[in-house]
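The data below hold one chain only, encoded as C-alpha cells and taken in the form predicted alone.
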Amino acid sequence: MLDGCAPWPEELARDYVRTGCWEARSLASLLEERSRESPHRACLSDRGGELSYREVNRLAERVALELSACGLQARDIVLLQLPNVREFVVVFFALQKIGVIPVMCLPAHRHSELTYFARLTGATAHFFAPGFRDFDFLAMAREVQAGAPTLKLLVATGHGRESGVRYLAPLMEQRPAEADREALAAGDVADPFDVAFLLLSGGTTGVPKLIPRTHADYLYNARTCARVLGWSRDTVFMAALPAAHNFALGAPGIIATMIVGGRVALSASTDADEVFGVIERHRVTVLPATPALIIALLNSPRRDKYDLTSLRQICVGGQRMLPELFDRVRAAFPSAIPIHAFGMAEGLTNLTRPDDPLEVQRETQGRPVSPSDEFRIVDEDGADVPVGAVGELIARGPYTIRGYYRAEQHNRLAFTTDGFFRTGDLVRMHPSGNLVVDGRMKDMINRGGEKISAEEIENLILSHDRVQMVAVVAMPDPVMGERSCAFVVPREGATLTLSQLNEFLMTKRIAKFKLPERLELVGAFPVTAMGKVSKKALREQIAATLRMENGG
C-alpha cells in the first residue's frame, strides 16, 4: 500500500479476495480488455466526435509512453485537473498504464487548494486545460509550480509553444512503435490492491482530505453499482457533473459504464441547452445530476424542444432529493426512473433500485450496493439506536477506506477502533430496509453537491482587518439546497460589505463556489450553555429572515 495510506486488515483483505469482491485486475486492464473484446464498439462521445474502445486505448498508450519518456514513474503522484473532455479519460488511463497516481482535482480548484495538494503529496506533474471557462489555468499552474518544488512537469490540453509546458495534442498524435506498445501492455506495473488514485473529501476541517482508492476496491464499487441498476452494453452514461467527482467517475459513473461495455457521453458544461443537446444527440440513457442541476433542467423553458425519450434513469446525488422533486422528475421525464444515489468518496454507496416500490423510491435514499457492506446507525456514545430512530451512519466494507492519506491525527477521529468510517450523516432506517437521510453532524455546507468547509472559510475571513469574529453557516436555498451565509462581528468602528469580503477572499485564491453568498453584520453571537457559538441558532435565524423576506 502507498506510504501514508491505511490498508485493510489482512484477514478482511483475504476474505474480500476469497468471496470475489476483489479481483486481481487493474483499471488499465479494464480498458485493455474492452479494447480486445469490443474494439470497434463506441466508448466515448464528446464535441470532437466518437471514439471506440480501441481508439481510447491506443490514445492512452501513446500518452503513457510519452509521459514515461518525460520521466514519470510508477507511484509518482500528479495533479489531474481536466474538465469533461476526452483528454480526461485518455490521461486518466494513460496514468493507470504506467502506475502513476492522480489526485482528482476539480476545475474549480485554485492556487490555495492545488498548492496544498502538491506539497502534501510531492506531486511531480500538473495536467490542466489552459483556457477553460475563460480562466488562465496556465498562469495559475506556473504559480503553483513556483510554490511546490517537486512539481516539475506541466501538461496542458491542445497545442502550444509555451516554454516549460508539454501539450497533449502532439502526444496523442504520436504513433509509437509496435514493440513499444507491446512492452507497455506486457508491463502492467499497477498492483491491483494498491492505490490507483486519490479522490477528494468534502473537506470539513479545512481543505479537502485525500481519499486513497485502490484498483480492486474501486472496480468492485463500480461493478456493484452497475449490477444493481441493471446496466448493460446499451447503457449510455452522460458525464456533465465533473468527471473527477466520485459520483461521475465510478459510483455509478464512467468506470461502471466501461465495465458493462457501454458508452460515455461527455459534456463540459451543465448549461441546460448543452445537457439536453447531448442527451438528444447521443441517445443518453443515464443522467447523473445534483438536485440543483435537476431543478435548472426542469425550469428550462426550452426543455420541450429536445427529444429526451432515450432517458431510462436519472441518478440524483450530492444531496438529498426531496419527495416533491422526485415527483417533478417523474412528471417531466416519464421514460426515466429517478434513482437516489447517497454515498461518499470514502466508499459506501447507497442506491434505490429500479424495482423498489414507488413509495420507497420516493421517500428513501437507497441501501448499500454490496452484501459485504457493513453499516450501523449509532448515538453519540457509539451505541446502536432502535430501528427507525435517527443516529450517525458509520460504515466499513470492501470499498470503504480505512483512513485518509497522510492524516493520522484526523483518522483517529474519523474512524472507530474497529475500522468503521464515521460518515457524519444522520440517518434512520426505513421499514423497507432503505436509509433515510435526516441531516449531517459535520459543520459543512452542501451547495448543490459541492461541499464547503465552514472552518476553512472562517479562518480566511478572520484574517480580514475589519473582522473581529465570524461564523459561517448554511442557509436554505430552493435551487442549491444550501448556500453559505457569513455572520460577522466587525471590529469597533468598522463596516464591511459582501462584495468587499469576497474581493478579499478571492485574493486567497480559493474556489469561487466557496465564497459566502450573504453577509450578516451582528453585534454578538448567540452562545450555548457551554459558552460556544450556537450555529444552530444562527441557522435558524437566517432561515427565519429568509422566510420573512420571501413573505413566508
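So that there is no doubt, residue numbering starts at 1 and follows the sequence shown. The structure presented is a predicted model; accordingly, all values stated were derived computationally and were not measured.
Another form, the form predicted in complex with a small molecule, is not on view; read the next lines as being about it.
- Although the partner is absent here, E346 lies within 4.5 Å of the small molecule in the predicted bound form, judged by heavy atoms.
- Residue contact with the small molecule in the predicted bound form: R320 places a heavy atom within 4.5 Å of it.
- Proximity of D425 to the small molecule in the predicted bound form: non-hydrogen atoms within 4.5 Å are present.
- In the predicted bound form, the small molecule stays beyond 4.5 Å of every heavy atom belonging to F333.
- Annotated contact segment (heavy atom within 4.5 Å of the small molecule in the predicted bound form): 242-250, selected among 468-476, 154-162, 226-234, 242-250.
- Shown without its partner, this chain lists A216, V316, A125, V286 as candidates; in the predicted bound form, only V316 has a non-hydrogen atom within 4.5 angstroms of the small molecule.
- Taking Q361, N446, T121, S267 one by one, only a single residue has any non-hydrogen atom within 4.5 Å of the small molecule in the predicted bound form, and it is N446.
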